[in-house]
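Starting off, we have a lone chain in the form predicted alone, written out as structure tokens.
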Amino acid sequence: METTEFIWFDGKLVPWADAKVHVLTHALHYGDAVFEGIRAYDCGAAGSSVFRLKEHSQRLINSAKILGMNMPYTAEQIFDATIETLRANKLKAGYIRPLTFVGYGEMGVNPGHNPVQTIIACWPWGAYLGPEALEKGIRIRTSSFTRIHPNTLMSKAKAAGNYVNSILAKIEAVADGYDEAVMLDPAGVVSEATGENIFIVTNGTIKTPQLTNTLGGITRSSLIVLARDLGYTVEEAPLSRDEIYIADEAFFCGTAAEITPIREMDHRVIGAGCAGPVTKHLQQEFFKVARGENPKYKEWLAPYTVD
């Protein structure tokens, strides 16, 4: 990965190479950490903006609360620290990773009185699934791994430990020659991908799984608002895998993936086998919003400038 100069670590900017923890850090052994993925966009002469930083900051706080972690910072402090870190690194566009974790202290499953620590890192990062994926689309498979039951590991927390489920599904998909995987929930209906929400388009109607057993993606919620404002009908309802097979279009969305079309699933070509017209329209309008070109959604952006 392309590094930057500083990482914000418990209230101080430290050099990238010095942002270290002990090998017996509790979260390293037991996965009790929560995190966010956020993007900053270059808005040209207007400077730069972080997309939905307020909502991401609050979700980090919420995730910590769900895990019973004593979060040492407020959402407002995370917001300010993120802007501080971007400016310190003179980063006009890139990916941002806040992480709150249970630190070094007592070992054993119970974290006890171990400190809760927070870092914020940022670095340049292009298209998560590759630059061609945004146009040509990707190949996916249905994972053999079931999405975790909501009463097993709470699905509304963006928790590090939850992502073992995603890691297993991703490794399997890549090993079998696919780009990504879709996981079904314990009832056998579509939940989400390893790090993305999924949408389909059928006869002009956009559909996405409801949030019964799915992380409430911030890009997902943004797209629902944007699509409805553009005149599309958007349904949040149970989605079966065979509905994806016969859809006119399908796409993933997420901070990292942005809006990535799906051209094939389980050896079935989706629609025309490339980004469809609705997907392209949403891509175009989403990037306008993220880059500050649509003032209607300016409240979604946290502007900043770098020297």
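Because the structure is a prediction, the values reported are computed rather than measured. When you see a residue number, it is the position in the sequence shown, counting from 1.
Keep in mind that the form predicted in complex with a small molecule is not shown, yet the notes after this line are about it.
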Residue 69, heavy atom within 4.5 angstroms of the small molecule in the predicted complex: no
4.5 Å heavy atom contact, residue 128 to the small molecule in the predicted complex: yes
Interface membership of residue 253, the small molecule in the predicted complex, 4.5 Å heavy atom rule: yes
Residue 194, heavy atom within 4.5 angstroms of the small molecule in the predicted complex: yes
Non-hydrogen atom within 4.5 Å of the small molecule in the predicted complex for each of 139, 260 and 273: no
Listed residue (163, 73, 145, 79) with a non-hydrogen atom within 4.5 angstroms of the small molecule in the predicted complex: 163
Sole residue of 85, 208, 118, 219 within 4.5 Å of the small molecule in the predicted complex, by heavy atom: 219
Interface stretch in the predicted complex with the small molecule - options 195 to 203, 100 to 108, 131 to 139, 229 to 237, non-hydrogen atom within 4.5 Å: 195 to 203
